[in-house]
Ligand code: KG4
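Here's a solo chain for you in structure tokens, the form predicted alone.
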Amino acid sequence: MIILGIETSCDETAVCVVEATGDLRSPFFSVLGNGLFSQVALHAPYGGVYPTIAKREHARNLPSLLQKALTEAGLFSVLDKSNSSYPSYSPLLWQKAKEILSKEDGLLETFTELVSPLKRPNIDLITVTVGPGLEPALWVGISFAHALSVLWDIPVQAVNHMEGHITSVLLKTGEIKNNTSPTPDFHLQTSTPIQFPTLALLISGGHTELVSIEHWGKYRKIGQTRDDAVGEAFDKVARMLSLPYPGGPEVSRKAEKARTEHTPKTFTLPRPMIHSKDFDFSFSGLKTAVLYTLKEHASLTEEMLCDMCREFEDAVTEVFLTKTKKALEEVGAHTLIIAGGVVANTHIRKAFGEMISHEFPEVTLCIPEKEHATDNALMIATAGYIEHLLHPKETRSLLKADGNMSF
């Protein structure tokens, strides 16, 4: 099955073409084409994602990313204008596509320029993120997918963004045998078998939650943040420390510097809710503790700054480890999945690797490769394929953005 994946939930615009084979026990993915545009530099002056800019940039970049992905996949084929079949789509279909795209400023023009001369590509399924995320951003991707579905007569599969993060662990870069492609960034993807029941810790800028997974498609949230998501907390602490945006990676770099240079310990921060009997999290109090501690110091030396970052990262990691240990025992999990943008954090990855190795050797730890940890279209195609295997007749052409979508 050839799948087109589309992701526009926040500030990453992404389109991919994936070939998916296998069943639920052993899915297999080969990336045929992949395009991604990060808006980080555009949002940096605002210290966070500005929804209006995100929406505009998605509309501006989706057509060019589609062209990139289709070209890499060998599916970009333009009709000769002198051919009697040009244009290749009926006026009725174009009118319907225009109605769909008219709500997204600037998208109709770039879409028409790219798609009108194209032959219908050999694609079996379109997958698109419908939530959670920024609704203005989500609608751009949904409209784009819906219009393509109408013109190409291809079914659309709605995808939960968080399920995409869960299935991102199925993507592993492998060696390509007999590869003759001139494009060096083509990757063969293989999957890691998942043994159920599974526990997933999802950590990102917008979400922090523990999810029990009985099997693919059956998810039960057993814990979540009561206030700030962990990625949000990292960014807010970074702003307090006058570190550049995006703040999370900057905090982690300073923390690692403190560990490497054995910086003396100056600060002690609380571990919020670490002893609570539930699986919920809270990071607002930890953030406030950083604020009050900083007020006690007129300025910070570089050593003190690095120590504060280390202590904050240690506090977050200890809470994650403690809650996850209890949840693993509660669920009786055979597999632990840790996914979401914050899992790119080196210290958190290392801490969980050591915890599983020493305390839960019977549990398989699955963490996405760093390039697949942040938002991307590959995980949307992967999750869409899983949904297709579960419900092959339930693809949807009528799609709706749900910024607060949950399991």
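Given the structure is predicted, the values throughout are model-derived calculations rather than measurements. All residue numbers are counted from 1 along the displayed sequence.
Missing here is the form predicted in complex with the named molecule; even so, the following discussion is about that form.
In the predicted complex, does each of Gly206, Phe234 and Val342 have a heavy atom within 4.5 Å of the named molecule? Heavy-atom distance to the named molecule in the predicted complex: all three under 4.5 Å.
Going by a heavy atom distance of 4.5 Å, is Gly248 a contact of the named molecule in the predicted complex? Gly248 belongs to the contact set for the named molecule.
4.5 angstroms heavy atom contact with the named molecule in the predicted complex for Ser252: Yes - in the predicted complex, heavy atoms of Ser252 and the named molecule come within 4.5 Å of each other.
Contact test in the predicted complex: His146 vs the named molecule, heavy atoms, 4.5 Å: His146 lies outside the contact set for the named molecule.
Even though the partner isn't displayed, in the predicted complex is Asp375 close enough to the named molecule, meaning a heavy atom within 4.5 Å? Although the named molecule is absent here, Asp375 would touch it in the predicted complex, with heavy atoms inside 4.5 Å.
Taking the partner as it appears in the predicted complex, which of 69-77, 95-103, 213-221, 158-166 has residues with heavy atoms within 4.5 Å of the named molecule? Going by heavy atoms within 4.5 Å, the stretch is 158-166.
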